[in-house]
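So here's one chain in two forms, each on its own in structure tokens, numbered structure 1 and structure 2.
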Structure 1
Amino acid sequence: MKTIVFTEIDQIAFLKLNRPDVRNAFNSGMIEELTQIFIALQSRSDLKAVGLSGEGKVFCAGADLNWMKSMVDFSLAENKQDSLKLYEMFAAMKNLDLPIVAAVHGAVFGGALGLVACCDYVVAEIGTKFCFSEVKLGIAPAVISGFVLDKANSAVKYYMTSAEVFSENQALALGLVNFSGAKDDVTKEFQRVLHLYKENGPVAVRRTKQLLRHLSGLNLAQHQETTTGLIAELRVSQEGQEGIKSFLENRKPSWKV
């Protein structure tokens, strides 16, 4: 595996995002690897839970903007197909019956909030910055939107439209994060919750996750069509490309005075 460090310790699978030079931003390779891992984990009846974290300075900077930028050369249909792969990664995570616990630090930007939304429990280090930065880049938090709304309370809509950076305390209030503390406390809490899952009946936990998914009424197929269509359109639009390029070129986008 090129982009993920995968280990198994005592009935827990640990996944570490491992592209620290680009702040663990996910490109098509990482999307493919994560999707395959989540699909494969579904049939691992010997495991009890999954721990997710990120290598380096930050947890994850969301979608790789170089990858997004390059999609300008592809047709709308090809862009839709590509966005579908991103959607399928989140869906594979959401559909996993094993509980997923994430430990986040540094920054959780853009699509990284989709990863967080698909977890069952999230611990965040004090000082972690959260941001739905997409609209700042001229695109939209489209693919992740259904997953985020399923997890967070409706106050999150403000952050999705304003791209305001918010703290771990605000993420707690929104329901995106369950615990925050200093690094050592976060590590302890991460281990404590993973251990809790080990104590429970593995089939009971899986069946409960299935039930809660069913009851939450999240219709993945309905969200899929709308959200992948929108991001496919926006990321190759003039505004989307300008926003992405301006970030990568370390300059203000043309609409910013």
Structure 2
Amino acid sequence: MKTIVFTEIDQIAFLKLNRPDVRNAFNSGMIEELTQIFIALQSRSDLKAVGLSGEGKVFCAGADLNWMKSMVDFSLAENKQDSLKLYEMFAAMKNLDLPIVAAVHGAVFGGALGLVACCDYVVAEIGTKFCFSEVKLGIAPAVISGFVLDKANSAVKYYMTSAEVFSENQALALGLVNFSGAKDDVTKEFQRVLHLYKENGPVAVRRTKQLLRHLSGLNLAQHQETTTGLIAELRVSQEGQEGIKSFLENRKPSWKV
């Protein structure tokens, strides 16, 4: 793998954006590589969570300039195809049933905010700068917009139209970030949250992520059928039975080390 460093430690998959010479900016290679990784991770029942970070001085500065130059003369159809590939990357990440925890620092610009929006928990170092920079170039944060609005509150719309740079504290207020602190504190929080996922029933976590993705599009009757059906199914499952019995017997469930 050239643009992503992939490692596995104690049932956690760690992905590190690895183009520090260009501030971990997106290009077609990184987009393809991330897409394939997230698709492959979906079938990994042995893993419990994903940790995402960036090598070098910043998490991700958005689109790579050379990649942008290569698209200047693209036709409408070619631009549409290129945008679809970017969307597919975010969709593969959003649809991943494994929880994703991200540690960001330095800068999170443009499409990098799409990565943040697709994570379940985000920790940010003090001093990290965020920006929906697309409108400065006469384009729009279109591909990431749905993912961002699904995570952030409505106040984020101002930043998407103004391209104003905002801080980690403002990102916290918007709901894009869950925790901010000094570098050591961020590292500890990153590790703490990943450890929490290791303590939980892995099937239950995955099924809960699936449930939360689907609930918003259901009517009341479908909502009732889906939620009551899931809890009943999990209660009689092998993992559910083990979890309930271990609680009643005051012992650790089998998935906890």
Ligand code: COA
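C-alpha atoms forming the largest set that superposes within 1.5 Å between two forms make up the rigid core. As the structure is a computational prediction, the values presented were derived from the model and not from experiment. Counting starts at 1 and follows the sequence of structure 1.
**Q** Quick check: structure 1 or structure 2 for the form predicted together with the named molecule?
**A** That would be structure 1.
**Q** Indicate whether residue 11 shows a C-alpha shift of 2 Å or more between structures 1 and 2, with the rigid core used for the fit.
**A** No, because once the rigid core is superposed, the C-alpha of residue 11 moves less than 2 Å between structures 1 and 2.
**Q** Does the C-alpha of residue 230 move 2 Å or more between structures 1 and 2 once the rigid core is lined up?
**A** Yes: residue 230 shifts by at least 2 Å between structures 1 and 2.
**Q** Superposed on the rigid core, does the Cα of residue 244 end up 2 angstroms or more away between structures 1 and 2?
**A** Yes; that C-alpha moves by at least 2 Å between structures 1 and 2.
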